[in-house]
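Next up: a single chain in structure tokens, the form predicted on its own.
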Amino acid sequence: MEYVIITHNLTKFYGNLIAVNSVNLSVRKGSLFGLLGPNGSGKTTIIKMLTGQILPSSGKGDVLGIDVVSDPIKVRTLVGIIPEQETPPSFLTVMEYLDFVAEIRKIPEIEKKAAWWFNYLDFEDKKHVLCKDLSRGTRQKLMLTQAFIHEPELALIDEPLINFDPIMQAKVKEFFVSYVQKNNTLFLSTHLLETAEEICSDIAILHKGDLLYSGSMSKILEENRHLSEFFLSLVRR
């Protein structure tokens, strides 16, 4: 089995606070992997370490076979990333930002690719609007676009649905499922358990920096348990 993310005792300290405590994960290629946990459990910290935005205090992480400490730029070049806080540059328009992304990532035919996303996420009317004037939902659409417009084989995204209405949530979830059906991999951090149960093939559960569970969603559901019941039984223990 091929794995696109492997961590070994991945750990992050902030002073005396252990944000992530010796986490071991293996994310198989072609999976829709959900990283679940309450607020403050370490989900965002793990994504930041896996994308080279912050250094681990100890341990190791490999993404697409690349050591995230020794070559974080290469990792960020290859993967798609949506951070917890959507932050497109305020002084650029939507299309100027996508042109900038295309220049950095060397994406050909950016107008054509951007047009597909404008149509799919229904925000073509915002094409020439400054990012600072966008609603939170439209900023999220733009961040989703920049993460996938270069067609990465792996994307790591943090709470991607939180600013969307139910109609847009359904459309984005539909895209996620089709994305992994093409043998791509999605690493999704969320605390929306219903969403995870609906679309994730594999999950890991974090609580206060500790990994409580990692395995297939089907194994949980085979025991006739909803994910929320299983999740609460672990974090309340």
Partner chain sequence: MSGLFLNMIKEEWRIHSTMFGSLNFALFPVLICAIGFMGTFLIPLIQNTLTLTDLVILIHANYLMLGLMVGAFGLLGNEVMNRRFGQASLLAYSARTLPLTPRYIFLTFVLKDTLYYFFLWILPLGAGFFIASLVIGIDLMIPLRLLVTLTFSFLSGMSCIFFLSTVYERSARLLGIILVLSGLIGSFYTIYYGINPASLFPALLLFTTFNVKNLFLTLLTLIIPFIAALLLYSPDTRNTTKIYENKMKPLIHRLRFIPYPSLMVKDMLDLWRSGSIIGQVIFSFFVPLVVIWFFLSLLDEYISILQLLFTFAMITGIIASTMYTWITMFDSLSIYTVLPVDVPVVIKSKITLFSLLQVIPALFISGICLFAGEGAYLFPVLVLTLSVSFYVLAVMIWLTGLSPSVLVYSARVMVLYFLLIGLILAIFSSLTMINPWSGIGAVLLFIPAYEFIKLGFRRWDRVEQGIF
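Positions refer to the first chain, counted from 1. Here the structure is a predicted model, which is why all the values come from computation and not from measurement.
The form predicted in complex with its partner chain is left out here; the points below concern that form.
Its partner chain is not drawn, but in the predicted complex it has no heavy atom within 4.5 Å of Gln169. Within this chain, Ser26 is remote from the site of its partner chain in the predicted complex, having no heavy atom within 4.5 Å.
Using a 4.5 Å cutoff between non-hydrogen atoms, Asn163 does not count as a contact of its partner chain in the predicted complex. Proximity of Asn119 to its partner chain in the predicted complex: non-hydrogen atoms within 4.5 Å are absent; the residue sits far from the partner. Only one listed stretch (29-37, 173-181, 199-207, 52-60) carries heavy atoms within 4.5 Å of its partner chain in the predicted complex, and that stretch is 52-60. The contact residue chosen from Val69, Leu212, Leu192, Leu64 relative to its partner chain in the predicted complex is Val69, the criterion being a non-hydrogen atom within 4.5 angstroms. In the predicted complex, its partner chain lies within 4.5 angstroms of at least one heavy atom of each of the following residues of 119-153: His128, Val129, Leu130, Lys132, Asp133, Gln146, in sequence order.
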